[in-house]
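Listed next as structure tokens is one chain, alone, in the form predicted alone.
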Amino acid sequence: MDNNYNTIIIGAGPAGMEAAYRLSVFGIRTCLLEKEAETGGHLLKWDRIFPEGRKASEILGFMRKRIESGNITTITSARIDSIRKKAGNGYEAELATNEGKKTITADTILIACGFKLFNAAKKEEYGYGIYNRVITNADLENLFKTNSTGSIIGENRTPAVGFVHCVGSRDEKAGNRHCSKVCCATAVKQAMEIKEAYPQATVYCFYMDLRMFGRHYEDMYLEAQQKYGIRFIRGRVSEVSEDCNERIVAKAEDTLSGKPVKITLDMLVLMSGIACNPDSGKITGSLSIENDSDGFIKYADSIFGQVKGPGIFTAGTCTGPKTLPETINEAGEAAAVIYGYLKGNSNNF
């Protein structure tokens, strides 16, 4: 019975952990699978979360504590070798773990395998991987966590720092037409953090359209302008190069003034967008679930979402870009739907 569960959750990021906790409250026996050595997903790599700037480590610690339940078995460093529907009802997964091969079964599956950040090196015109002072939003979060922004900026206490929005998002050439939903807010948050660390810095945000749609996100944007003096330039960066002092020279067009701009920077931060997790394709292919044209798992219903097949459910960014609150709320909803399904009360659209 140790390898038989009510639900297998694939992915122990915020969505997977929240769903596991909610299911445990319902008394549902769950196996939480994570391919990495630790639970937490992208929260592990982030320093602070917009809009209030809460520490990601505090949020992660709270979520980890909640999955310390007798109803939840967590297996990290777990690779799914195969997953298939059993004869009749339920599913069987064969795993490769640190303890060797393992076979587990469950009545239902919740896919919560999350997303991948767009590889900024694919946008060669921005110089990521070529110039040392060009980094991504994820790189900057790590610098904030380790208090080491000086390793890029150097000893200059009055640096110039630029942020490029929509790197790999809303980009036909990159194959990602979707908006990542979180890049604008993350850029504004990080820009303010740079100003906190370097009050005399000059900070630029190059944007297409500012999509500050969430509660208090617009307030954050106004604060960035009024309190921190961050300069917002509407226009794409067209070219990035390096000068003789290894500083970054960014060329763009200010589409509001209709004038070209050329700015020398001590650091350029590329806001890599949310892209589909390629691992989801392996899972959906085994379970005969459809992926959308952008690679994310396709909703069974565009309004009510959730159900993909008999006993198969989804939560979080495996179905598309979402903020952290949206991800956690969807995980709670998925847990409720799974509970209803297991109790024979499923009434899906």
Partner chain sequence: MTPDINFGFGLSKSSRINLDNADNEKFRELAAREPDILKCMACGSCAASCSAGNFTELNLRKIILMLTRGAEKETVRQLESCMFCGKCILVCPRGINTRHLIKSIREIYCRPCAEPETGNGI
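Positions refer to the first chain, counted from 1. What you see is a predicted model; the values in this text were computed from it and never measured.
What comes next is about the form predicted in complex with the partner chain, which does not appear here.
- Contact with the partner chain in the predicted complex, judged by any heavy atom within 4.5 Å, is made by just one of 231, 86, 157, 145: 231.
- Interface residue among 215, 101, 262, 173 relative to the partner chain in the predicted complex, by the heavy atom within 4.5 Å criterion: 262.
- Within 4.5 Å of any heavy atom of the partner chain in the predicted complex lies no heavy atom of residue 198.
- When the partner chain is considered in the predicted complex, residue 256 lines it closely, a heavy atom lying within 4.5 Å.
- Taking non-hydrogen atoms only, residue 225 approaches the partner chain to within 4.5 angstroms in the predicted complex.
- Though the partner is left out of this view, residue 79 does not reach within 4.5 Å of the partner chain in the predicted complex, counting heavy atoms only.
- Residue heavy atoms within 4.5 Å of the partner chain in the predicted complex occur in exactly one stretch of 131-139, 117-125, 232-240, 89-97, and that stretch is 232-240.
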